[in-house]
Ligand SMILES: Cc1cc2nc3c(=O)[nH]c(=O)nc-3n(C[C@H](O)[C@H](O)[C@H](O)COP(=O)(O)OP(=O)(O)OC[C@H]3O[C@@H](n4cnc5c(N)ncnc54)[C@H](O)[C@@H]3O)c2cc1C
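The form predicted on its own is given below as one chain in structure tokens.
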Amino acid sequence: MTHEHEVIVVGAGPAGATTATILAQQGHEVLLLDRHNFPRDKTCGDAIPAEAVGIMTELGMGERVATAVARGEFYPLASLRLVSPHRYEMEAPLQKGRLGTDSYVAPRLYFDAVIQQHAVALGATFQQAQVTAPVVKNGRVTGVLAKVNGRVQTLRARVVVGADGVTSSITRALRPKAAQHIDKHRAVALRAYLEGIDIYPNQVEFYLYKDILPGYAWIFPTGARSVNIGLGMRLDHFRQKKQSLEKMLQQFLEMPAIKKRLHPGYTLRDVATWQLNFGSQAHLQHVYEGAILVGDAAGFINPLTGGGIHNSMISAKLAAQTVHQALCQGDTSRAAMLSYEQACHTEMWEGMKRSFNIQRTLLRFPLLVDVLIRGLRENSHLAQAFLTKL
């Protein structure tokens, strides 16, 4: 079976659903695909920076966010705590977004559904489908192969937007293996939900200790005694450790400062691991004949904080603008859409490069974390990266 569409967006996470929202607002016919029906969970630290909420507000989701907060699905954040290897601590207020928006801890079960529902409300068509590959004809992407209700279909479109995450079938097919992310620009992380712990109300915690640098462990509150807890580190150094992330999480929980906060009979659930691709690897291709990559599928994760949601939504805005112009001009070639790569570079590259350099410096000189947290406090680039990107 063959079905024709103007735009197909593969993946309905923050990048894909934001792209679909903007294109639907501009009057385009958009098919939004995801392998799961919504609401659905996604493994993540769940921290949502204020500027990402600002983009949602700009796109008309302010009431949806307020409703999610009132239902207790979005946990408001006010401050941040950084803890150094020798347990120096820095506390600082989280910066509000340009529109006065706050940061939250919002499980992706709820957060992603807000944007996906908004895209549908504006006219995008949502379909559960497992996309296995792009359809390429004469070097041009003309659609996707997707399993829908157990049957493989060919879904054709003038433009395909790859927003299907770090394991993107679109990216794997279009980027040659030699041109994909290498290990020093990748990370591996583990997340769990813990019930039964004393929290610092409305405060996220980052622990930068020697055994995990250039990564960190985190504790993000989701309720009065519940948290999203986890840790992550650069992939090349994780491979050298020859130790499981589950074991490293148990070691983190055994640290005296953490152990004393755990309630008797505390529970861990939904333990899961995932990989991340940093936005610090230069010269990666994001635009192809008839196709464009956004969010984690492109690899726009901050290399210091591991945060990707805000950058995903930035890339979605830039991609939607590019696709809209290409469709209006009747030209969806790589040449017509190449401005997207430059726009992403202009918007995000300097911050990515700075974060990667900080990460690399902390790996070589871990005691510098003590100096930065003890002395420079929130004025340091280290603190600012966490304060603005979570």
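Not measured: the values here are computed from a predicted model. Start at 1 and count along the sequence shown; that's the residue number.
Keep in mind the form predicted in complex with the ligand is missing from the figure; the text below concerns it.
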| property | result |
| --- | --- |
| Contact test, all of Val10, Ile301 and Ser312, partner the ligand in the predicted bound form, heavy atom 4.5 Å | yes |
| Stretch in contact in the predicted bound form with the ligand, which is absent here, among 93-101, 290-298, 149-157, 255-263 (heavy atoms within 4.5 Å) | 290-298 |
| Residue among Leu82, Ala124, Ala189, Leu77 with a heavy atom within 4.5 Å of the ligand in the predicted bound form | Ala189 |
| Listed residue that, although the ligand is not shown, lies within 4.5 Å of it in the predicted bound form (heavy atoms), from Cys44, Met352, Cys344, Leu31 | Cys44 |
| Non-hydrogen atom contact Phe38 with the ligand in the predicted bound form at 4.5 angstroms | yes |
| Contact label in the predicted bound form: Gly307 to the ligand, heavy atom within 4.5 Å | yes |
| Exercise: Gly165 in contact with the ligand in the predicted bound form, heavy atom 4.5 Å | yes |
| Interface membership of Trp218, the ligand in the predicted bound form, 4.5 Å heavy atom rule | yes |
| Interface residues of 121-135 toward the ligand, as seen in the predicted bound form [heavy atoms, 4.5 Å] | Ala129, Gln130, Val131 |
